[in-house]
Structure formats: C-alpha cells, structure tokens
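Next up: the same protein chain in two forms, each one alone, written as structure tokens (structure 1, then structure 2).
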Structure 1
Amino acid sequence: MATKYSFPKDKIKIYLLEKIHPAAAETFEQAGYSVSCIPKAIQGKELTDIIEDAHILGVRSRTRITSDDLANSRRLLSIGCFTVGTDQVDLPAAAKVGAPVFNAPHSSTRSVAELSLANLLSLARQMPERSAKMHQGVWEKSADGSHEVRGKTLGIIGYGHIGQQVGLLAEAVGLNVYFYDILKKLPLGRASAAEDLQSLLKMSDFISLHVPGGEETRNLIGASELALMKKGSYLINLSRGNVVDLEAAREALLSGHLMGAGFDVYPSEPAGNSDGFENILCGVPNVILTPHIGGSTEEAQKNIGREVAESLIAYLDNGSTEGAVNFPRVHLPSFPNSHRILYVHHNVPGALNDINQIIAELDVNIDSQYLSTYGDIGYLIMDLNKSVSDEVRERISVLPKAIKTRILF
C-alpha cells in the first residue's frame, strides 16, 4: 500500500531560485514532488509573493530572505540554502515561523580546497602578472620572484573540513603544513597545530584562510596581523569577505611586504553577472581576484543540489530536522502502523505538559515521542494511534504555544 500524506505531495509547492543545479529538481521529482524553477535571484514583492505561496523555498547566495519577507509566510515549511553558508537568510526569523533551514556545509569542500592550492601555486610563480603581460604583448621571461613551493610552510587559519583538505593537498606537493583553530582539532597527515595565531603568521610563507563569517572573524587579518607575516609571503582568502581588512592588505601588497594574494570573497559583491565589480585591489600586481567561485564546479553544485534536496525531502516525508542550522535537530524512525504529528512551538515552560494532558484526556497510546529545543523554538515528534491522530493534531494546533503543526500518515 502506498504511503499517504496529510497534504498530497502533488500539492506541495517547491520553488528553486538562482539556477540551482538540476540534480536538486531531479531528486525532488524522484521522491514524488514537482518543482518550479526560477533562474534568477529575486527580491521585494516578487520574493514576498513567492514565500507566501511556497511550502519549500530553495535559494543560493544572491537572494536575501529577511524577517519582513517571512512575516506572511502562511505555508512555508522549510528553506534550503543550496550553499555552504546561510548568511542570506534571517535564521531566527525563519525559526519563529516554524521553518527549519538546511544547507550543504561539506559538498563543495574539495572544490574550495583545490582552488586554494591553485592560488598558492599560481602566486608562487607570479602567474597573474606574467599572464597579464602576455595579453599585453609583453614577453618577460625571468626567474626573479618565482619560487617552488616544495619545502615552504603553509599556515592554515581555520582547520575545518576545507582547511583539512587544503592541508592534505598541500602536503602532496611538498609543503610543510601548520594550522590554527580556536577549537582543538586532530591533525591530518603530517600537519601540526600552531601554538597561537601570531606564531602561525610569523612562521608561514603562505597563509590560507578558512574561517566562518561573523563578528568574531571580522577583520581577523588586519594591519597588525599582516605586519607579523614574513616579508615576501602570500595571503589567500576563500572564506568570507569581511575576514581581511582590504585596505591594509592593499598597503602590504604595494609596499612589497606581501609578495602576492588571492581573493575569492569580498565585503561587497555584485548581485548578478551583469553588474560591475569594483574593489580597491583591482589593478594591484600579483593579486588573483576570482568572483566567489570556490564552490562553483559542476561536481560541487551537483552534490549541493542533491544534499540539500534530500534534507528537505526528509523533513517533508518524516519530519527529520537532522542538519538544520536554526532548529532543534530531531530524527526518529517511523512506526508503520502509526500517524506522526509534528509540533513546532514556542520553547516555554509547560509545553510538553500541555501535550501530555491532551493525550491523557483522549486515553491515547503513544508509540514514540521526542522533544528537542533550540533557542526559542521547541520541536516535538510524536507517533500515535491512527484512530485519534486527527483529533490530537487539531487540539494541539490551537494551543497558545503552537507555531506550526503537521500530521503525516
């Protein structure tokens, strides 16, 4: 017998924006859902209208979803960020309307790591300058300022999944790898942990940044940190645009203190490919500037499409919030002879007591029950007897603490 859902799959409205890889739509369709694809970023009333109509909304990095956009999200069940980060969504506001947000934190790891190593090798051989001169018709063959990387030291700031991959790739071409992270991390390969950030900056010939965004990392590399780096060293930033003070980096490059730099992220980025790009690093010699393409490979985008779509489908089909970034993480196996109630509510004292009182009054047999909280949000999954599930859902949905209630059967 085919599984039935309280709300038919063919009525679920899924919108995927910004040319999300076709693998996402294919994954939804294989699970029995239909998808509407919009090949651009949208804002304003157009975005608000779609959010009001959507059950599932998928975006990449250019669509910004604010609390105002979410204010009238009557149907919205979840948001998928088909990216590594989730900066484009007001996460607390999404949680308040009962919408968990999912992303793909690891699907582009290899692509970003490879681009980091490509920057390192290109800078060491002065390829940006040499290529630019060749395009201008200038043949300048010289070994001055060009170096092998074998035996040099790479300092990695942020030793998460990407930083670890960068370290392993760097070792393969003969670099000595050290890293610094605010959390204690187990070294991979022959990498070693630096005692602190300052010592890492002083010892490294190359610095590669792989830290998250936020106030804690804003201008993590400023004038004082650049001054600690070796004269003639290189800086690579593929993490977040606000991590490096660009004015200080420009001065260090023009003075010759830094021999070169590679940037893939910026404090301000164009909304689309048709918009121009302006930055104080434009025109500075031996600087690689790429348009935020760290994860822009066919392989990474395909992996991201599948990963986020699968997380959203798991939430639609069984209520799993495993991997959500703004929501209690709950995952329970389904009981085949039960109905499942999903209850999103305000995390205040007495929420579970209200549920249990209803259960007691109806003399209901519960097969499983799990409650988890995250900040101001509580999330309950409950499997119970089919004969009373509708009445339980109706009574729960009108509780003062209720945000959103669903039933799966």
Structure 2
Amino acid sequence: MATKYSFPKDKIKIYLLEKIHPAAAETFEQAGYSVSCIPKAIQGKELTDIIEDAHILGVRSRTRITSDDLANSRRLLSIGCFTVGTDQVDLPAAAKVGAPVFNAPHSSTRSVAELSLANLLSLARQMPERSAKMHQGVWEKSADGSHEVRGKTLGIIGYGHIGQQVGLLAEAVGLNVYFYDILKKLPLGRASAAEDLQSLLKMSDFISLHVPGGEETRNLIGASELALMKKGSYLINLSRGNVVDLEAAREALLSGHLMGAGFDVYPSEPAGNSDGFENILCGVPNVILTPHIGGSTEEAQKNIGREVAESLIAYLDNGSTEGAVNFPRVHLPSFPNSHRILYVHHNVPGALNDINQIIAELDVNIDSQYLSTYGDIGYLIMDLNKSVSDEVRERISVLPKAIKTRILF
C-alpha cells in the first residue's frame, strides 16, 4: 500500500540552482516530487525570496547562504550542497532554523583517484615537458629520465576513500603500494602499511597525498620531508593546497631532487574561471598544474546529483538525517500503520518530557521514539499508533523549545 503523506508531495517546493546535474531532478521526479531549476548562482533579494518560498534548496559552490539569508526561511526543510564540501552554507545558522544540510563527500572519489594515476603515469614519462616542447615546435625524442612504473613503489599518505582507490588503480599497472595513515586501516589488494611517515617517504618512487586539509596537515610535506624522499622521485598533491610547503617543493624540483610533481590544489585559488592564476610553481619544468579538477568529471557530477537528491528524499519521506553535516543523525525504519512526527527543537533539558506529556494526555501509544542531539539542536523521531497528527502538531509546535515540527504520515 502506498504511504499516505500528511503533506502532499506536489505541494513541496524544491529549487535546484546552478545547473545541478539533471540526475538530481530525475531522482526527485522518480520519487514523486517536482523541481524548479534555476541555471545560475543567485544572491541578495533573489536568493532570500527563493529561500522564503522553498521547502528544499539545492546549491553548488557559488551560491553562498548566510544567516541573514536564512532569516525568513519559514518553510525551509533542508539544504542540499551538491558538492563535496559545505563551506558555502552557514551550517550553524541552517541548523538553528531546523534545516539539515546534506552533501556528497565521496561521489568524486574515483575521479580524483584516476587523476592521481594520470599524474603518476604522465610524470614518469615526462609528458608535461615533452608536450610543451612539441607545442613550441621542438621534436625531442629521447629515453633519458623516462620510466615505466611497473615494479616501482607508490607511497600513499592518507589511506581513506580516495587513497584506497588510488592504491587499487596503481596495483593494476604493476606498482607496489604502501601507505601511511594516522588511523589503523585495513589494506586493500596487496597494499601494505608503512611503519611510519618517514619510512614511507624514504622507500617511495612516487608519493600521492590524500589527507584532509586543516591545521593538522598544514605543511605535512615541507623541506625536511622532501629531503627524506628519494632523489629522482615524484610528488602528487590532489588533496588540499596547504598540505605541501610550495616554496620547499619548488626548490626540490629546481635542484633536481624531485624529478617531477603534480598539483591540483593550491593555498590560494581563484574564485572563478575569469580570475587569473598565479603560483610560484608556474613555469617549473615537469610539473603538472591542474585547476582543482580532481572531482570535475561528468560521472562525479552525476553521482553527486543522485546522492544528494537521495539524502534529501530520505529526509522528506521518512525524516532520516543520515549523512547530515550540521544536525543530529537519526535514521529510524518506519512501521506499517504508525504515524510519524518529527520534532526539531532547542537542545535543552526537558524537551522529551514536554512531548511525552502531550502524548500521554491524548491516550496514544508510542510505537518507537528516537532522540539525538548535535550542539544546540535536538531531533526527535516518534511513531504513534494512532493518527492524532494535527492536534499533536499544533500543541508541539507552540512549545517554547520547538524549532520545526513535521507530521509525515
């Protein structure tokens, strides 16, 4: 039997901005929702008008959502960031108005891993230099300094989602794979954990970085780490710009200690395609510089479109906040014939008590109840055995601790 939703799906207003991949709209439509697409980034009044009208707002990286923009978001149920990161949204402000934010942290994993392997193979054959010379009309056929990668050692720093995929791809072309991670990780394929970072640096012909950004990994690779790397080895950074000390890398490249390097990320990156790019590595031979395109493939964009839409649909349909970045994470299977209430509230003592008192007075049974908190926000999913929805909602939503109350079915 089809679930009967208290708030009909055709009344839910979903806005997708910035040419989010059509897979997102298709996923919503297959789930019975309709979508309005706006092909550009918006700001100011245009944005606040949409936020006022929207139940669901989907953005990519160029629409910035501040606490001021969210001030009149009466209906807004959730925000989807169709990106890997979520920097474009003021996350605490979104939580304060009861809107979980979802993203797609791993949809571009394979794309980044493939670019790492592409860098590795290209550097080993001096492709950047050879190609640049051909464009200048110089034919330079020579085997000097070019190598097969089979039998060489790849050292992966950060053996998470991307690092593991890089390892598997690299093994397929005959590399021996070692990794270093601050956490204990199960090796995939024939990969092995190195004893520590220093021994990984010393043993590797190629180093590929896949750690998170932030203070803990700032300049993880500096002059002393580069000095530990083998003479004639290669460095690839597709992770975050601050992970490598670029001055030190430049020196290692110019002195010939490093044979080549590939960078996709930089300490400071242009805001858009019309801004220029300046970096101390520009012009250094056998260095591949790409404009942060690790995750920029049509396949990754499609995966992101689908993954974020699925998270938003799960939140709309059953209240699941699995994967939300600013909200308590709750997932509760629904029971047949139950009536589900979602209650987002300020995380202060007594919230559950207030609700249970209302339920007790109405003479209904609670089939299941799950409360979770995250910072200032509490989120309760409750299934009742009787439909007392409207009355319960009215009484709950006027509680002083209430932020947003929703009856699902």
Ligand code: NAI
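Reference numbering: structure 1, starting with residue 1. All figures in this text were calculated on a predicted structure; none of them were measured in a lab.
One of the two isolated chains is the form predicted together with the ligand, namely structure 2.
Treating the chain as two rigid bodies that shift between structure 1 and structure 2, Glu322 and Thr290 fall into separate rigid parts, each C-alpha being assigned to the part whose superposition fits it better. Rigid-body analysis between structure 1 and structure 2: the smaller part rotates 16° against the larger, C-alpha superposition.
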